[in-house]
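Coming up is one lone chain in structure tokens, specifically the form predicted alone.
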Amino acid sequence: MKPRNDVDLRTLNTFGVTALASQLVDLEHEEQLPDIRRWLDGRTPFILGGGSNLLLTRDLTEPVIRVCLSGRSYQIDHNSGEVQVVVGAGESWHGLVTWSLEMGFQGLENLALIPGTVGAAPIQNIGAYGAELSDVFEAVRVYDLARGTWLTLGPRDCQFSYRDSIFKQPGTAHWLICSVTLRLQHHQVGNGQLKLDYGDLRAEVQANRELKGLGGLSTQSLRPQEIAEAVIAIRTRRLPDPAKLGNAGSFFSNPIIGLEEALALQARFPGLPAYRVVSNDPSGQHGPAMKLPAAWLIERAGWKGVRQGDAGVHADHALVLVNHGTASGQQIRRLAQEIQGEIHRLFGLTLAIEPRVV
């Protein structure tokens, strides 16, 4: 274990903002953990994955652990077609999706091209195109750096909800995710249903099939790879490549509100889309609710394509904040706060920020 000093983090966060880590160590093997714990000496670490869900607004004076744990393994139940996949936290999420499809596994196709590492996926309960990590999640293996002990958490332990989990709650700052176990299906054996009914995914798949002369949609003939190809095509058209334009993907979560409030807003703002979901209210009761697209709200408020210096809102997707070159994390945060204020003024809604802001 060799900590590095004064590490430039610009290439380690997808916004490409400038920040320094006073001390950083790469975690490549679990055998390093006892030494890292001694190095911390009771200090609270900053745990860094792919930097794709992160906005740095300052230098990091706390010790940084960059998670680089790799490895994939799987077991197939040939009777049920169920596949248990165990993946190192430092693996690329999209790399995992691609590999799983090549292996003939079903379950991750709707989550293609989401940036970041596997270890970050449970923290955010990542989701896209009608699917969430929690749909296929089985367990996560965690090392408690404060106590030097191991934890294995199942779905209920993780307290998953929309873009949220126990890992965002106080008291988990010393938890380091080392591996994630997923429950997938072998497509040739299983009979799990593919998810097509979100946004324009079905239309994209149908258009691709017509181009290839494959005929109409049938879940019997449809392959998970076709779903992934459609998701990748849509995301590529709509979202900027972080390698070319600094960003962290969707910057705000889609607000979820009560049915009556959503109907009242639709009466005030004709054309406002809303999608029915089941949500938990603060008392823990389940009930009908509506998800509103934050991108529609931001565009309606006039922020799409707005630029303040090198901090801006993407011209093609209002949900994405971008760094046009040399924007600082503070500048991007100020832009986000102005957007939040305007959305609250116009619609009475609070937009939650998806990335971790430090």
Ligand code: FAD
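When you see a residue number, it is the position in the sequence shown, counting from 1. Here the structure is a predicted model, which means the values were calculated and not measured.
Quick note: we don't show the form predicted together with the named molecule, though the next part is all about it.
*Asks:* Given that the named molecule is left out here, which of Pro63, Gly49, Gly312, Gly329 has a heavy atom within 4.5 Å of it in the model of the complex?
*Replies:* The option sitting close enough to the partner is Gly49.
*Asks:* Can you work out which of Pro155, Gly127, Gly81, Gly258 has a heavy atom no more than 4.5 Å from the named molecule in the model of the complex?
*Replies:* None of the others qualify; the residue that does is Gly127.
*Asks:* Applying a 4.5 Å heavy atom distance criterion, does Leu239 contact the named molecule in the model of the complex?
*Replies:* Looking in the model of the complex, residue contacts with the named molecule include Leu239, since a heavy atom lies within 4.5 Å.
*Asks:* Tell me, yes or no, whether His94 is in contact with the named molecule in the model of the complex, where a contact means a heavy atom of each within 4.5 Å.
*Replies:* Heavy-atom contact with the named molecule at 4.5 Å: absent for His94.
*Asks:* Going by a heavy atom distance of 4.5 Å, is Ser100 a contact of the named molecule in the model of the complex?
*Replies:* No, Ser100 sits far enough from the named molecule in the model of the complex that none of its heavy atoms falls within 4.5 Å.
*Asks:* For Tyr74, is any heavy atom within 4.5 Å of the named molecule in the model of the complex, or not?
*Replies:* No, Tyr74 is distant from the partner.
*Asks:* Looking at 222-230, 258-266, 112-120, 203-211, which stretch has residues with any non-hydrogen atom within 4.5 Å of the named molecule in the model of the complex?
*Replies:* Looking at the other structure, the answer is 112-120.
*Asks:* Going through 63-98, which residues have a heavy atom within 4.5 Å of the named molecule in the model of the complex? Please give them in sequence order.
*Replies:* Going through 63-98 in order - heavy atoms within 4.5 Å of the named molecule in the model of the complex - the hits are Val67, Ala89.
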